[in-house]
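There is one chain below, alone, in structure tokens, taken in the form predicted on its own.
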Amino acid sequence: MLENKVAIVTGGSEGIGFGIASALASKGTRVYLVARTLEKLEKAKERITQQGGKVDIKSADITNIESMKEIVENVYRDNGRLDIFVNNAGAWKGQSLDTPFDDIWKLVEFDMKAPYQLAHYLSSRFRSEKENTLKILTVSSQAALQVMDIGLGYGPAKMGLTAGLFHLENELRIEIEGKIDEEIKRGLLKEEEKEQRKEELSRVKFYRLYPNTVATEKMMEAIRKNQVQNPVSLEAVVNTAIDLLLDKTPTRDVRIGYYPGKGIVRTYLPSNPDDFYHPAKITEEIVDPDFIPEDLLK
């Protein structure tokens, strides 16, 4: 189901972004990696190419919306389609009351404004593309779901980003429902055909992933020094992302993490904008009860 699809992955040269990009490429998707550092992009491209994947690279800063628009338009023009946009690029920094507010705001702009602006542009751009359905998978964070220590920039950024995505989804829903109501008034659509018509008009679909601490290459040093605890494996996060994109999860919002005594757990959260930030979870699934973080250090 992912074969011959086209995907753009921001922050795709390393970490979670590279993991998702590599998995997509292994399933036959043509992947475009976007990141700032060309050298890292070239190394990432070489790794995916060696595995037989179809990959191209685009050097850009996600905070430059015009550059990102150009990349999206070029990819769409060259392929005649864009199926997946993985809104992944972001950064974590511990920030406290001693952190200058200008530094806090810079992180908010990178982790919230840039990905939100991208999602807004993509929603506006593709909502009326009759021959193209775009799935936007945003890699958020556990910090979007709870207040955490030394998170004065990162926490509000991830919370704000997630809230913005639900608001975008709600606006698209209102627009579609308005079109359907008009078609019913004009006698062009029967009441019992509403759900099918809603699916036909839904050209942009949102998916959100909320990882706990992830054992990426960059985080391994901190894990070894015991500076962060209870990391989840990158593989588990990537597998969850792929299942989301394949619509194999009961909701489009999934938290993935390791919990002592349980193992690796997926928590499926409400995806309806009307239920946003309601604390009740939909369901919980233990995907690997035998995993322990110490295995990552072997």
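Computed from a predicted structure; not experimentally measured. Each residue number is its position in the shown sequence, starting from 1.
Heads up, the form predicted in complex with a small molecule isn't pictured, but that's what we're talking about next.
Asker: Determine which one of 207-215, 72-80, 120-128, 167-175 lies within 4.5 Å of the small molecule in the predicted complex, judging by heavy atom distances; exactly one does.
Answerer: Of the options, only 207-215 has residues within 4.5 Å of the partner.
Asker: So, 8, 65 and 136: all three within 4.5 Å of the small molecule in the predicted complex by heavy atoms, or not?
Answerer: Heavy-atom distance to the small molecule in the predicted complex: none of the three under 4.5 Å.
Asker: Give a yes/no on whether residue 85 approaches the small molecule to within 4.5 Å in the predicted complex, heavy atoms considered.
Answerer: No, residue 85 is distant from the partner.
Asker: I'd like to know if residue 89 sits close to the small molecule in the predicted complex, meaning any non-hydrogen atom pair within 4.5 angstroms.
Answerer: Yes - in the predicted complex, heavy atoms of residue 89 and the small molecule come within 4.5 Å of each other.
Asker: Since only the chain is shown here, I'm wondering whether residue 162 would be in contact with the small molecule in the predicted complex (any heavy atom pair within 4.5 Å).
Answerer: No.
Asker: Give a yes or no for residue 95: in the predicted complex, does one of its heavy atoms lie within 4.5 Å of a heavy atom belonging to the small molecule?
Answerer: Output for residue 95 is no: heavy atoms all beyond 4.5 Å of the small molecule.
Asker: Report the residue, out of 14, 275, 288, 285, that has at least one non-hydrogen atom within 4.5 angstroms of the small molecule in the predicted complex.
Answerer: Result of the distance check: 14.
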